[in-house]
Structures are given as structure tokens and as C-alpha cells.
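Before any questions on how it binds or moves, here is one chain, the form predicted alone, in C-alpha cells.
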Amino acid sequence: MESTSLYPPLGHGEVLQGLWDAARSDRLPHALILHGPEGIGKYHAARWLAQGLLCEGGPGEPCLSCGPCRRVQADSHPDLFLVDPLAVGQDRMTIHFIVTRENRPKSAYSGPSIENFLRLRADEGGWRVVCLRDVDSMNENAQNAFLKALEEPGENTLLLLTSARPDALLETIRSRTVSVDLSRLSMADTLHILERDALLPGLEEPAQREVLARWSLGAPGKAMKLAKSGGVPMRAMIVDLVAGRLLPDEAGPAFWELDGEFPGKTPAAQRRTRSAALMDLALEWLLDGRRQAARVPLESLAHGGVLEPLGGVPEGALESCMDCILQARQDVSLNLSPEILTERVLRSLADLSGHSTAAVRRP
């Protein structure tokens, strides 16, 4: 797959153009937080905005051919600093990304910090840009350390934060940044991105891409994540359990053999991640079933096309099943056996088939 720095972020062009216009007229704030639903391309938009500022012809749409653009594409531009914890094997944006600490755990991030970068002058004489991915993963210590950068960023410096949960940030950070709202993509743009990455596992077939585009509700990043984690066959398993087409004893072995990428540093951690993915998906599907019962239009629901087995299931039975899954989700985070918890969830889902008007009745 080619670098996304070669592609403009679909769906966000008008917002980015307005920010480049502000930069040309010296009205661009020194700190922005690009926020919106998970998977809509916020970090890609932040990098594209930075590339347009650093481009020889900028501020504006990057040309992709000048020296600065090529250096951005190669992640080697000296005036662009990227903070992406997942890309360096970290789960959270800890204080070590923000400031340099001599004493740190062996497993902590040990690369250059924002503090180091901001001490430098612009190497190419223009903007200096810091792009931070998913800043809501910062703990309170990291957020407090980041305040200094927000208060004293330096000349021609732009801090670009991205977040799906800006409310998780301290008020002192939110008050020092200008909020920029990014929206979900259209179905057409979402499909275009999935087609561009059709060689990724789970995206090879047009039918799969259409299902995932509908499911993600305009968030291609979420669609890709679902494809990598076997979301389509996993959802089919949940639907078949409630429809009575699959028994828990059959579903269990099939679930653990599903192809997919489940992060974790050990096999046990990967099993916990796999189990949690099933629980999260089941809860999302059941919530859509409740929305359907409340007469929310099916076309606006991520799972609107596969809710038939929930027809006739009483509200009390849904509540009981969701409570069971929520408890299991909490327990799997406490390192309890993912195998036992998964079996509990599968049986709870299968119990709903006794209420479903669409369930297959076995002899």
C-alpha cells in the first residue's frame, strides 16, 4: 500500500482550504484540535495540512513534487514532528513523548520528545509543525506537561492535535486550542478509499467493501480495522447465534479459529483482545437492535441490514444479554480467562434465539 501522504484526505478538503487561507493571512492559531468520529482520517488530514504549510508553494494544497513535499512523504522533513504512539509500539501517549526524562521504565518510549523538537529553530526557515495522533490517550501527567508547549510554542509553530474524544482532555488544554470539527465521509468517498486499499485482508471482494462501508458509517479507518480483525465473519457468527442457525458449542471453536489481527505482546494478550472484540461488536449490534425498536430508520444504523433476528426479542431479554456482555467485557480487562468469558457471551447471545420471531427452530 502506498503512503497516504500521496492522497488528499477525502471529505475534509473545504476545512483544510480554510485553514490554509487563514495561514496565508496570518490568522492561523498556534494550536488546533481536529476532532470527529474514530476512523474518519483526522490524523491524515493533520499531516496533509502540515504538508500544505511546508510545501514550497504553500500555504495551500501541497504540490507533492517539491523537495519539502518529498521529505514529508518520506517522514524526513526536519520541521515536521509526528507523535503517533501506536506506530512505535506504545498504547498511550505518555509523558515521555512530551518531555525528556532520564529515568524511565525500560518499556517506555525512548525517542525524541516534543520538548526537544520545540527547542530547535525551523531548519528550512518556515513553519514548524507537531502532529499528535489521538491526544485523548494522554494521561493527566502527560497533559500537564503538554501545557507548557501550548503556552510557549515558539514563533511560526503549529501544534496539530487529533482526537475522537476531546472531552477526555483537561479543560486547560481545550481552552488553549481552537476546535476544528471534521465530519464523517460520504458512502462514495468511503468506498473509494476501501477500493484504493483493496489488497488489504478482508477488503478484496466488492461485497465485503460495501458491507464495511455501510457498517462504518463514513469512517474508512474503522472499516479497515474491522476488516483486519475479521469483523464481517465475526458479526455473521453473532447473527447466526441469535437466529438459531448456530449453536454455542459450534461457535466457540469457530470463533478462536477466525482469521484476523488482534494486537497483544503475548498470545494470552492477543486472546484477550480477540475476546474483547467479540464483546464490543455484540454490544454494538444489540444497541442497534434497541434503536430499531425505537423506530430509528434502518438506513442510519451501522447494522441496519442484519437486525432481523432481534425481531420479537423483549426489551428485558436484550437488557439481560447486554448486562452479561458488559460484565464479561469488564472481566476480560481484569485478565480473567477469555475462553470462559467468551463461552458465557456466546451462550447469552444464543439464549436470545428463544425469543426471536425470526429464529430457526431446531427439533
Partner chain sequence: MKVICDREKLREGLALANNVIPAKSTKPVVENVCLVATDNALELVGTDMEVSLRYCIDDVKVEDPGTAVIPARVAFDFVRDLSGETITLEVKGNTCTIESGADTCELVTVDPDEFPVVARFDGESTITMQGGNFAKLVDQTAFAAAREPGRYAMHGVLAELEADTLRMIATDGRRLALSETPVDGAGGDGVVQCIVPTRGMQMFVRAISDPLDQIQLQFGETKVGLKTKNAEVFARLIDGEFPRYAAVIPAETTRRMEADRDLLAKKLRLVANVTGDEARAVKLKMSKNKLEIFGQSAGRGEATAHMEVDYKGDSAEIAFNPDYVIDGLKNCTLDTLSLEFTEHTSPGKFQLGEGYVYVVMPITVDV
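Numbering follows the first chain given and starts at 1. The shown structure was predicted, so the numbers you read here are calculated from the model rather than taken from an experiment.
Missing here is the form predicted together with its partner chain; even so, the following discussion is about that form.
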- Exactly one of Pro78, Gly264, Gly252, Pro206 comes within 4.5 Å of its partner chain in the predicted bound form through a heavy atom, and that residue is Pro78
- Listed residue (Ser186, Asn116, Ser183, Asn141) with a non-hydrogen atom within 4.5 angstroms of its partner chain in the predicted bound form: Asn116
- Task: Answer for Pro233 alone: is it within 4.5 Å of its partner chain in the predicted bound form, judged on heavy atom distances?
- Result: no
- Mark Arg271 yes when one of its heavy atoms lies within 4.5 Å of a heavy atom of its partner chain in the predicted bound form, and no otherwise. no
- Though only this chain appears here, would Glu124 touch its partner chain in the predicted bound form if you measure heavy atom gaps against 4.5 Å? yes
- Check whether Arg214 has any heavy atom within 4.5 Å of a heavy atom of its partner chain in the predicted bound form, and answer yes or no. no
- Query: Which one, 330-338, 290-298, 38-46, 64-72, holds residues whose non-hydrogen atoms are within 4.5 Å of its partner chain in the predicted bound form?
  - Reply: 64-72
- Task: Check, residue by residue, if Glu102, Leu120 and Glu155 all come within 4.5 Å of its partner chain in the predicted bound form, counting heavy atoms only.
- Result: yes
- Note on the structure: Looking in the predicted bound form, the residues of 287-322 with a heavy atom no more than 4.5 Å from its partner chain, listed in order, are none
